[in-house]
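Taken one at a time, structure 1 and structure 2 that follow are two forms of one protein chain, written as structure tokens.
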Structure 1
Amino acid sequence: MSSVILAFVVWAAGSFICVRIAQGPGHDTTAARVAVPVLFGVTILAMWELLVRGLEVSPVILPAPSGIADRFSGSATVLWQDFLQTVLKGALTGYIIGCSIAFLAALAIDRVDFLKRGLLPIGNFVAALPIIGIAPILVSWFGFDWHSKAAVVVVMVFFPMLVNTVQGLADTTQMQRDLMKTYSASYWQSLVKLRLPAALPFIFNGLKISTTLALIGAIVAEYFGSPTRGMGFRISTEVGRLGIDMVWAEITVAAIAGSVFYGLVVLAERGLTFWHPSQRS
């Protein structure tokens, strides 16, 4: 019972400090920007730990963070193996192939207005579909190993990436294009010097959306058959065996992988589109 009370004390203290920092004079500094969300996260974790202990929640339902951390460090080799199989082989390969193909397809479509008018509405529609459903089909076509997972990821990231790139390539004004013409720039010159840079914010938007889709695709595809490793495989088997702490350890890996993946794309975006209004503050 005392842990439950302590949980609420932690909660009150955490929110009090958060409010003080946010309302205080230094709320615009980088330190405050980092400290507040971190403190928020730590408070939630501490409450979780204390409530699970205080209410004696069975670890089969919801393990405490400390239990998950134990399992995480205890099964590091298995987790690393699953990470290699799902994230690096499945998701990343598919992401690179899918985004490159979509990018090249967008360049091709962009040259033909007829195609653009036909493909853009369809691409927009397909990007909203639950494409994840093709996972079983692709698994039966390409076999159980990571190739089929990469194939699912390719299909999933293709349309968001295509639509964003095509829109980005159209994001120049008539005035800018005319200027390139007065310089007598060739198609490639105006593409490389004007239209691609102008399209970068859109391209990065597509790349960012695709990072999450890639992980989802790779994990779900494993539910339909995989060798005896991989995050999706581990999650579905451990849920069946009620090894919920292992599932949470995999979720932690997925969360870290997803955030790092997304963060890397954001860093690349900062570096390449530093001139864009959304990056200047």
Structure 2
Amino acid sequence: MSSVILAFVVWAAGSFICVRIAQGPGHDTTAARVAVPVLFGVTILAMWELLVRGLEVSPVILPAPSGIADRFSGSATVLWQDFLQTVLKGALTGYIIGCSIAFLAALAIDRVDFLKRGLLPIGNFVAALPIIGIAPILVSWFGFDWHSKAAVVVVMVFFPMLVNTVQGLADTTQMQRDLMKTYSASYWQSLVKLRLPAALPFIFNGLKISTTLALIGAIVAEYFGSPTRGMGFRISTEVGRLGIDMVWAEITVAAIAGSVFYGLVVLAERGLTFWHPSQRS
């Protein structure tokens, strides 16, 4: 019971400190923006640990963070192999292929009005397909290795990237387009010098949405067939063996990988769209 009381004390103290930092005089500094989420995360982990120990929760139901950390360090080799199989081979490959195809398709749609009326509804139809339904089909087509996972990721990221790019290419004013015509700019000159730069915030929005979808798609696809490695394979196997601490270790790897993946896209966005109002401090 003392651990439970201490957990709520930790929660109250952590929340109080986070609020004071967020509302303090230096709340807009880089240190404050980093300190608040870090401190809040540490508070959650401490409260989790204390509640699990105080209430004597079974590790089969919910392991403590310390138990997850022990399993993480003890299974580093297996986790690394699963990371390579799922993230670097399946998710990243499918992400690059799917976003590239969607970008080229958006350029074609922007150029040909017929495709805008014909291809976009098909893309909408594909986006509405449930991943649970198409994953086993693609696994049977492309095999049990990472190729089928990449194919699932391509299907998942295609439509968000396509819609955002098409919307971005149309995000120019009539005055801007008339100015390019005044300069006798060709279609490609107008595309490169005006419309693509204006579309960059939309393109990066599609890329950021696709980072999460790519990882989810690769992990879910591994439930329907995978070699003896991969994050989805490991999660489904360990759940059957009641190895919940290993499941949480895989979830931790997925969360870290997804955050890093998303952060890299955000850094690229800041570097290429520094001129946009959304990036100005």
Partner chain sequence: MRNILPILTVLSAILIIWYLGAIWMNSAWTLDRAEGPLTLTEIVQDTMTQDRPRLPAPHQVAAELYDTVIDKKVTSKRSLVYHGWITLTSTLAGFILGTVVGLLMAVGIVYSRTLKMSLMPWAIISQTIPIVAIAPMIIVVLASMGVEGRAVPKAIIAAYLCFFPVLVGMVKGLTAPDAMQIDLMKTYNATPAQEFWKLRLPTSVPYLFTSLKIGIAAALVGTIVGELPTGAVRGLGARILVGDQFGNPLMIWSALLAAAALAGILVSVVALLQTVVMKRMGFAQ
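Nothing here was measured: the structure is a model prediction, and the numbers come from that model. Basically, rigid core = biggest C-alpha set you can superpose within 1.5 Å across the two forms. By convention here, residues take numbers in order along the sequence of structure 1, the first being 1.
- One of the two isolated chains is the form predicted alone, namely structure 2.
- In the core-superposed comparison between structures 1 and 2, the C-alpha atom of L129 has shifted by at least 2 angstroms.
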